[in-house]
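Have a look below at one chain only, the form predicted alone, in structure tokens format.
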Amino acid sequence: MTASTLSAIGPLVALAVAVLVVMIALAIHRSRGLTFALTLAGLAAAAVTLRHAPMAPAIDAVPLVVFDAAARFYTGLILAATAAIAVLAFGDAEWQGERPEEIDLLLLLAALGSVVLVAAVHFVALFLGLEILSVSLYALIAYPRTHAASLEAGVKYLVLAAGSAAFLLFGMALVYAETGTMAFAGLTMMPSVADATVALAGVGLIVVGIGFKLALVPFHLWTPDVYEGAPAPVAAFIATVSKGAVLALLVRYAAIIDVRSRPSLFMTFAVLAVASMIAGNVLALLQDNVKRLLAYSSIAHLGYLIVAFLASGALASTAIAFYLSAYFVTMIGAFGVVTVLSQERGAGTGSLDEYRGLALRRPWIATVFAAMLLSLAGIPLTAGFVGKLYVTVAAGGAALWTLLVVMMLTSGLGLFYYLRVIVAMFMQPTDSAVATLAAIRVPVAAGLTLAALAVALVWLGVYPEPFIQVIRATVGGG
């Protein structure tokens, strides 16, 4: 292992060292403040190594992962999102009765697995990254061991994630049988003719496994229960970092096999996108639980991202990167508000009635939440609007008219359930909500994080050009 090799995989080394340091610190002295500080330091160190890593890492020395420009961008996004979620988790009262020092360790491990995924160029790296991420999430979801809902959610995620891993492994085996290699580059040797039964079956099984991880319809059934049972910061991590890493992997995988040149694969993703956009928005209309509503909303937004994914090309790469960044900001901000409202046991995790009158008692929290919801709806002057605009332009340029029409109609439908929450926040509170709302105390770190997310939301919606230039210089959009 040479110095150049270590430099090429600097973010992975930094995160792995941070995990070891936090484990040793926990063995010597249990302190949530210490582990939290070490976690942020580890994420910062990974960001520094990412900035100073060579632009063209030697793939011969590191055959499983490559930190090219796209991997750099998505790794930076993952590190920033993990840091924000760690800050929100640090002030979360839902860990009361627990010894939550391991939360930071598990977040670091999950971030490590996510970074492996975005840089993977080999099926071995894909599976290793996915398992590191999944095993960390099993524990994170079920960590409040005194909460029956959290334990139930953890078991559900464990069972379904294990099933999706089996699909992935079997699919990889079939692809290997057809191509004789497990490197993504070998996928170009896959025949595109209709009689390539083994190859098509293998790719199909891989798509099923990825569909579970992205919670695309019909592989979405775990999502609302897991989001509802998991602590709000963990739900934010699943909705953003976990799904974002898998989507970045999918973009790299599809660029090699060229989805648009394979009609059966293209049609499969098109059907998944349409089903996710329709089902996600329609089912969200029926929800009175805010976390379940956000869960179905995330399903719909992954459907929008698949539309950009199918558009392919330089503009589509820009659309995916920007939309995913805007989605990270809005979802972390939305779940950040839910985290703040969880200061009293049960508050902010149940009925929509708990949010009634929030604007009267805590106007700035309600304003931040309203901004996040409006961004998810794609209202102008928010990051979500610019993201949907880019997806629309990319889909139009690729002549994906059917997908574009479905996206427009379902986006209009989604506005209704976002407005339900906003209207509730400005209504007169119920008697049961008054005491809860009055008891809310926002931790300073969480408050600053929410403020930063709100500023980023507006900045990306009003003046996105600098960030778009960064995306074009890294991801390679047009």
Partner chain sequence: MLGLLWLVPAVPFAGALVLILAGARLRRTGVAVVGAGSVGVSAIIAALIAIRFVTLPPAEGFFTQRLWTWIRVGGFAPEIALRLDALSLVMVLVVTGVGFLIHLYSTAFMEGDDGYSRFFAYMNLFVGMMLVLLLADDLLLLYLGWEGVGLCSYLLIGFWYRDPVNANAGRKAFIVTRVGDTAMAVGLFLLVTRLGTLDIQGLMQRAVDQWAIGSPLAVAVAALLLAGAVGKSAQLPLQTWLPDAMAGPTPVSALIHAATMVTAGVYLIARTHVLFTLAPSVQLAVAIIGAATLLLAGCSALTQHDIKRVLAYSTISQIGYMFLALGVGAWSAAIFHFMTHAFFKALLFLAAGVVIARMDDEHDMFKMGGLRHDLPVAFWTFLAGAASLAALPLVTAGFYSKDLILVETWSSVLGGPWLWIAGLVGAFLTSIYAFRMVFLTFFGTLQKPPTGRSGWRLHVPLIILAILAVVGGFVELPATLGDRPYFSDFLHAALPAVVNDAARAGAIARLQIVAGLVSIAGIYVAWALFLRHRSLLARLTRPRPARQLHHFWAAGWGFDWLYNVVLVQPFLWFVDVDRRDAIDRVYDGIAWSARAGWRALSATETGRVRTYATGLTLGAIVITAIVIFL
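Residue numbers count along the first chain shown, from 1. If you're wondering where the values come from, they're calculated on a predicted model, not measured in any experiment.
Heads up, the form predicted together with its partner chain isn't pictured, but that's what we're talking about next.
*Asks:* Do G180 and its partner chain come within 4.5 Å of each other in the model of the complex, heavy atoms counted?
*Replies:* Flag for G180 set to no.
*Asks:* Closest heavy atom of T268 to its partner chain in the model of the complex, within 4.5 Å or not?
*Replies:* It does: once its partner chain is placed as it appears in the model of the complex, T268 has a heavy atom within 4.5 Å of it.
*Asks:* According to a 4.5 angstroms non-hydrogen atom cut-off, is V386 in contact with its partner chain in the model of the complex?
*Replies:* It does: once its partner chain is placed as it appears in the model of the complex, V386 has a heavy atom within 4.5 Å of it.
*Asks:* Any of the heavy atoms of K156 lying within 4.5 Å of its partner chain in the model of the complex?
*Replies:* Residue-level check for K156: yes, a contact with its partner chain.
*Asks:* Within 4.5 Å of its partner chain in the model of the complex, do we find a heavy atom from each of F219, Q287 and W364?
*Replies:* Yes, all three are in contact.
*Asks:* From the list L413, A451, A69, A37, which entry has a heavy atom within 4.5 Å of its partner chain in the model of the complex?
*Replies:* Among L413, A451, A69, A37, a heavy atom within 4.5 Å of its partner chain in the model of the complex occurs only for L413.
*Asks:* Among the candidate residues L128, A201, A149, M408, which is the single one with a non-hydrogen atom no more than 4.5 Å from its partner chain in the model of the complex?
*Replies:* Checking each option against its partner chain in the model of the complex, the one that comes within 4.5 Å is A201.
*Asks:* Counting only non-hydrogen atoms, which stretch in 400-408, 222-230, 331-339, 301-309 is within 4.5 Å of its partner chain in the model of the complex?
*Replies:* Stretch with heavy atoms near the partner: 222-230.
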